[in-house]
Structure formats: structure tokens, C-alpha cells
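Here are two versions of the same chain, shown separately as C-alpha cells and labelled structure 1 and structure 2.
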Structure 1
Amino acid sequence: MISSGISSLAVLLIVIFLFREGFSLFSTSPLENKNIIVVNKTNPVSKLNAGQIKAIFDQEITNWKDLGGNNDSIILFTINDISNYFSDEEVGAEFEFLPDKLNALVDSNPTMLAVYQDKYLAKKFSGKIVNVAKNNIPDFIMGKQWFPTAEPAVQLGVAPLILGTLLVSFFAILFALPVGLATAIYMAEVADERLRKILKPVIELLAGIPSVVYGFFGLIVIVPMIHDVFNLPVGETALAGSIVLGIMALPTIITVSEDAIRNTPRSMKEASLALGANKWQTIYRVVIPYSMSGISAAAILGIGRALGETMAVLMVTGNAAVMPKSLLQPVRTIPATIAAELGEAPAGGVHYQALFALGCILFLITMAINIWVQAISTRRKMNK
């Protein structure tokens, strides 16, 4: 009683902490290091978002008209370019003249876009500070670019990660379900007691193997195999992740669906057999329909297992944060991203917060799946 209270409290605190950290992302700016973006006061552009800033820096946008301004080329200025405009003496040994020089520079270049830290803002500033859109939920979820350390503006689009996670998990289940179901049927309906006594612990053992071991297995066996079979430059692909995850989800799927199959009342099977159905007809027409909700619960639990899995996927999927287009490309999943990047993200920074927000998304997805399982199993109880 007390211990369950403590553990629910602990879970609640973890969730609150996760969401507080995650949501603090949406009150910060994508600009790193207190940078600001400054333009000439005559420039009509007064708002930019993270994606546009990146495009400007990548020279994909070179004209103000693409940003809603006049038809003029953008002159991009960052603090590293300062020596192209001013000598060291002009800036001053302690950069004491820098703010005024920067101000003058922007003042005299109507088409310039300058990025510098806010401490270099002149006292008598005569330019215009561009309003940069804060990180926000729609851009975060729908954005396709994940460059959490890009300068000067981080790109926090997690769509590739969400899709990567769902893709890898979906195909994992697609592979695991037929195999798992066949095994479960074999164990529940075909194998004799002796064989079952051997198989059952083996499958439970499979569930207890650490995921790194599965990762190694994937790396040594599956990845080279995919590399050879499909003649790819790299074998680390979504497919490799799906296969490894599928194998890892097997024990869950087998155990849960075997249970459901075993729960089919004897009277149901006897009725079928007494009508002249053979064993396979009985399995296919009575046992499987009867245990369908248990089997779907098994599938969903398997998906849940696959969604949260970190280490093995990290090792075999190649971890490219791009929108997945096929199974034969590298992808990156949410757990793998968090595991790989949290160590190098400075605590409290935008990147760090973004990883927590990713954690929130994963939490929501798994919670939705759990609710789904609950709904299915209550429906199953009601049917009986």
C-alpha cells in the first residue's frame, strides 16, 4: 500500500519533471548563444523563423524577396567577418568600439543581415532587431530538419525521428507477428507437453538477453546480410532495425498470444472438431478468431517494446535524421537520438530541452499504446 503510493508518486514526479523540462523548450528562441539578428531600419522584413535563418546561412535563400522583402541580394554578416570590414584598431583591443562599428555597418548597408551577440548592441542602436519566432510545437513536430547544434539557429524538426521510430517499429511488428503467432499456435495447440516445457524457458530466456547483445547480433549478422543482399553502400538501415526489433519483440508476442490461444475454451474447440473440422480448420476458424483480442494485445505490446528500444536500434540503423523514404535507408529513432545526443547537449540548453521534449513525445506515444491495450483487454473481459 505505502510502497505502491511511493512508486506512483515517483512515476508522477518523473513525468512532471520530463514535461517541465520538455515544455520549457517552447519558451526559448532557436538562436544559440544569445545571438540577435539585426537589419537596416529601412528593411521591411521584421520576422524570421529558424528554418529561414538556416536557409540564409546555407545560401539557399540569397534574396530578400524570398523573405517578403525587396528584390535585393542579402549581404550576410557574422561576427567572424568583422576583419573584412574593420581593422583591429578600429574595433579596439577590448572590442570597445565594436558595438558602434556594427551599428554603423548595418546602417550603411540596407541589404545586410547581421548576426551577433546581444552584448554588442550599440547604445544608440539605429537598426532593427529581427523578431525570431520562438520554438513552437507545430514546427517542432512537423519540422523536417533536425540540426540541434546548427549555428546560429538550431533546427528542431522531429518529424524524421517520429517517422523513423514508427517506421522501424511498424515493420518490426510486421515481421514479428506472423512468426510469433505461428510459434504461439505451435506451442499452444501442436507441441506436446514435453516440447513445450523446453520451448517456454528458451523463449523467456530470449526476453532476458540485454539489448546490446541483440545490437551486436544485428551488427555482425543482419547488417552485413542486408548490405550484401540488397547491394547497398551501408547495411545500417531501417530494415536492419526492424529485423532486430522484431526478434526482440518475439518473446512478448509469443507469450501473450500463446496465453490468449490457450484461453480458448475447450468446448469451443470440441464443438469445431465434433463437426468434422480438422485441427488446422479449428485453429484457423475458431481458435484465432476467439483469441483475436489477446493477439492484438500481444501485437500492441510488441510495438510498445519496439518503440522504446534504444541500444539495439542505435547500433544497427545508421542514425541519419532524415525523412525516411524506404526501408533500405538509414533512419534514426527517438530513443536512439536521446541516448546518442544527451551526453553532448549542454544542460539547460536548447538542444537539451529539445531532447526532453522528444522524451515527452515518446512517452505520449507509449501511453497511447498502453491505453489501447487496456481498452482491448477490458473489451475482451466483457466479451466473456
Structure 2
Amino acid sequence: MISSGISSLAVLLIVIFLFREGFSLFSTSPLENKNIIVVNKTNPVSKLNAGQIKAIFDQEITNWKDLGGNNDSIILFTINDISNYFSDEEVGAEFEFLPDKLNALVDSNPTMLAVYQDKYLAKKFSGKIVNVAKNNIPDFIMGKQWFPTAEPAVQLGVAPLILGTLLVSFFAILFALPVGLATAIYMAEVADERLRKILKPVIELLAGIPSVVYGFFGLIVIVPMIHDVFNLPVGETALAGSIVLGIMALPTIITVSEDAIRNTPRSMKEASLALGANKWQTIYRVVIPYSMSGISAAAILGIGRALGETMAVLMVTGNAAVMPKSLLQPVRTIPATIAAELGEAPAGGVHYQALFALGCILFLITMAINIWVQAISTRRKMNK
């Protein structure tokens, strides 16, 4: 009781910490490093979002009228441009005159959009601070651009990562589940005892191989094969990730399914055979339905392995955060993104919080799949 209570409490605390960090993203601005955006007080534009800011700095929007302002060209200014307007003496050795100079610059340029840190805001600021829309859940889920280090406003669209994760995991299980179930049936019902004693330890040994080894296998064997067969520019694709994940999930699916099938009561199989059913009919009509709960557990564990894998997927999928249109293009998954970027994200920053929000999404996807599989298994039991 004490052990289960401690374990449950630990899991609960982990989930609370994950969601606390993840949901804190939606109370922050997409502007990093305490930056602010200021304009002249006569400028009618008072609100911008992260997408508009990126479009401005990418020169996709060059006129204020596209933002609801006057028909004037936008003059961009960042703190790196200060030397184009003022000398070192005017700014001061310790930048003590910089706030007043920035204030005067914005005040004298009605079409300027300036970005700098709030510590350089003048005490008697005569311009207008633009209100930047905070990160929100719809834009986060549906956005198609993942640039968490973009300046001055980060772009946090995770739709490519979610679709990449689901695409790779779905085709991995589509490959692994039939093969794993067929192997489990063969080992439990067809193979003789001597062969089963050889195959079972070998298959269980595959589960202990580190994921990075599977990743090397994918890079050396599967990626070149896909490159040559489909004549692609690169072989690091979603298909390569699906095959590697499917191979990695096979030991778990085979082991759990085989144990469930072997637990079918001998009396049930003998009764089926006595009624005239052959061996394969008995397996299909009696053994598999009776073992469905164990097979469902194997499927859940296999899906969990596929959804949560990081290193092998990172090595063979190309790691490109683009909307996937086929299995033959590079993709990026949520676990690979977290593994690749968490070490570089400043603690407490927008990028850091976004990665925790990705962890929340992965948790919810896994939980939804588990509930769905359990519901199917329960429905089948009730129908019997």
C-alpha cells in the first residue's frame, strides 16, 4: 500500500509539474528577452500578433496600411541599428543616454517600428508601446510554423510536430502489430517447445538494445534503401522512422501477446477441437478473442513505445518541422523536438515553456489512445 501510494503520488506530481510549466506559456508574450515594440504616438496601430511581427521582419509586410494604419512604409529599427543613428559619445559609455535617444528617435519618425528591451524605455516616454497578443492555445495547436528562437517574436505552431508524430507512430504500429501478433501466435500455438525456448529469449533480448543502436541501423540500412528504392534526394523520411519504430516495438508486442495467448485455458481449445473446428479456426475463434485483453495491452505498450521514442526517430526522420504530406518526406516528431531543443532552451523562457506544452500534448495523445484501446477491449468483452 505504501509503495503504490508513493508511486501514485510521484506520477501525480510529475503530471502537475508538466501541466503547470506547459500552460504557463499561454500567459506570456511571444517577445523574448524582455523586448518591447514601440511606435510613434501618432501611429494608429496599437496591436500586433506574432505572425504579423514575423511578416514585418521578413519584409512580407512593408506598409502600415496592411496592419490597419496609414499608407506609409514601415521603418524598422532594432538595437543593433543604433550606430546608424547615434555616435558612441551620444549613447554614452554605459548607455546612460540611450533611453532618451531612443525616445527622440521614435518621436521624430512617425513611420518607425522600434524593438528594444524594456530597460531602455525612457522615463518620460512620448511614444506608444504596441500591445503584442499573448500566446494562445488555438494558434499554438493550429499554427504551421515552428521557429521557437525567432527574433523578435517566436513562432510556436505545433501542427507539423503533432502530425509528424501521429504519422510515424500510426504506420509503425500498422507494421508492427500484425507482424508481432502473427509471431506471438506462431510461438504460442504452432512452434514446438524447443524452438520456442530459443526464440523467446532472442526476442526479449531485442527489447534491451539501446534506441541509438536502432538509430544507427536505420541510418546505415533503412535510410539508404529508401533513398535508392524511391529515388529521393534524402532517405531520412517518415517511412524510415516508421520502419525503425515498428522494429523497436516488435519485442514488446510479441512478448506480451504470446504470454496472453498461452494463458488461454486448455479446456477451451480442446472443446473447440472436439466440436469439429480445426487448429486455425480454434486460434481465430477461441484463442484470440479470449486473449484480446492481453493483445490490447501489447498494442498500448507498442503505441507508447512508438509515441515516446526520441533518439532513433531523431536520427532517421530528417528532423524537419514541416507539414507532412507523405511518408516520403522528412518530418519531426514531438519527442525528438523536446530531446533536441530542451537543453538549449533558457529555463523559464518562452521556448522552455513551449517544450513543456509539447510534453502536455504528447501526454494527452497517449492517454487518449490508451482510453480508446481499453474502450474497444471492454466493448468486445461485453458483446461476448
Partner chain sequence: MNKIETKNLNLYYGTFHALKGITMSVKANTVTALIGPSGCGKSTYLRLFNRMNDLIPGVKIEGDVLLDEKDIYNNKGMRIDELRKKVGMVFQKPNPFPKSIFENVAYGLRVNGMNHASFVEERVETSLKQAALWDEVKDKLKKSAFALSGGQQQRLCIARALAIEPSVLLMDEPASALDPISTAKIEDLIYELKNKYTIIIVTHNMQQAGRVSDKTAFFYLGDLIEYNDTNIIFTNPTDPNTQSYVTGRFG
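Think of the rigid core as the biggest set of C-alphas that the two forms share within 1.5 Å after superposition. Numbers follow structure 1, counted from its first residue as 1. Note that the structure is predicted; figures quoted are calculated from it, not measured.
Only structure 2 comes from the form predicted alone. If you fit the rigid core between the two structures, you'll see the Cα of P178 move by 2 angstroms or more. Once the rigid core is used as the reference frame, the Cα position of W280 differs between the two structures by 2 Å or more. If you fit the rigid core between the two structures, you'll see the Cα of V223 move by less than 2 angstroms. Look at M268: with the core superposed, its C-alpha moves 10.5 Å between the two structures. Once the two forms are overlaid on the core, V256 shows a Cα shift of 6.3 Å between the two structures.
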